[in-house]
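Below sits a lone chain in structure tokens, taken as the form predicted on its own.
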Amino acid sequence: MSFALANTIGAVFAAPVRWLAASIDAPLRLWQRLTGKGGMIAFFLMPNIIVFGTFVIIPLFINFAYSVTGGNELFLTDRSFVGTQHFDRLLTCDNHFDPSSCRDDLFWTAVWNTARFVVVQVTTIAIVAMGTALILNSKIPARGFWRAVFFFPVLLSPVVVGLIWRWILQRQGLLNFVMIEMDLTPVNWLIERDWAFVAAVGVSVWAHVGFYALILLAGLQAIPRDLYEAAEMDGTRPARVFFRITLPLLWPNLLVVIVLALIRAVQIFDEVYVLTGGGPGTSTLYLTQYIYEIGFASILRNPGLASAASLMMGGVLIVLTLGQLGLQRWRDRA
């Protein structure tokens, strides 16, 4: 193919692109002349603002409206104003540490189940993510391959994760089959209360630890190597290097991991719902599942009560997040 023919073909394909670019540029240039730099900034931010307002701000106000109205009707005009009745029902307890003494015992069962899950899961995921990041940052064979392997579960849908592990952990599942082959006693992972909790925590950690390990790995790679070389020349023990160099410099990344893991743990739903359905009994009933069931799945559904519970959960998340960020600022000033 001659050079002239190639240029002709290129010009033919480039002409529509130039026409499209000119068509877009003309109104943008006019808008810039009319509104200036600030108008251009607003123009490019507007799509995100519209999406955020449509799917976050507006539903938040609708959720609040549901929380102060009663009935199971869908349209707000068909619902009666009840004020704080839903919040009173959720908060009325003789002893908040004993769900059976509460007016809505399922809510407080879900609250304490969620609190227990958050403490165990966030602690576990922080430790496992730290260990994983340290290993993946070291000089191991096929390091790139292992990084991809640990991150792969993050790409899976939570429903797929729940189905996979339900197949593995069910009474006649793969794990019990392996245990029987090894002459070990099989375990009812999803039927016994304590083991169901362990399974819920373990599956959640497996599904999300790769993401948090990636954040910590990025922090580790940002630490200057000169510090480690100087510590090695001084003969500093590895444990002292970790607590004196690695951990202090990695703290901002670790705080991000803790905040994100905390928010995700409080909102846990998909994997556990597919894995155990909240059972056995109510041993793995968590707040998000309670809100879903009382608002949509229950025969005696109560959207107002579910909205009130979701607002309370959101308030707790805001307080916890602000508390952790305040702790970081205090630490930075100290």
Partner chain sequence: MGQIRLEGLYKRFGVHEVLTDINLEVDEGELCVFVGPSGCGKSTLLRQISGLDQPSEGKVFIDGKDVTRVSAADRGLAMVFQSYALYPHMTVRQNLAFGLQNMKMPRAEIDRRIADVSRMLEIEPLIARRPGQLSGGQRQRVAIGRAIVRDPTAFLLDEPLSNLDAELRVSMRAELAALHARLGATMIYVTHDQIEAMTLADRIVVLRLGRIEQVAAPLDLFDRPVNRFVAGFIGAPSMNFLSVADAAPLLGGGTPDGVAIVGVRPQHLVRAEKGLELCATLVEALGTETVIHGTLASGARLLATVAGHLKVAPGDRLTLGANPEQLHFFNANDQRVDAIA
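Numbering follows the first chain given and starts at 1. Every value quoted in this text rests on a predicted model; they were computed, and no experiment measured them.
There is another form of this protein, the form predicted together with the partner chain, and it is not shown here; the text below is about that form.
- None of 196-204, 230-238, 111-119, 85-93 except one has non-hydrogen atoms within 4.5 angstroms of the partner chain in the predicted bound form; the exception is 230-238.
- Of the listed positions (Leu249, Val187, Val259, Val128), a single one reaches within 4.5 angstroms of the partner chain by any non-hydrogen atom in the predicted bound form, namely Leu249.
- Interface residue among Ile245, Leu175, Leu220, Leu106, judged by heavy atoms within 4.5 Å of the partner chain in the predicted bound form: Ile245.
- In the predicted bound form, the partner chain sits within 4.5 Å of a heavy atom of Arg225.
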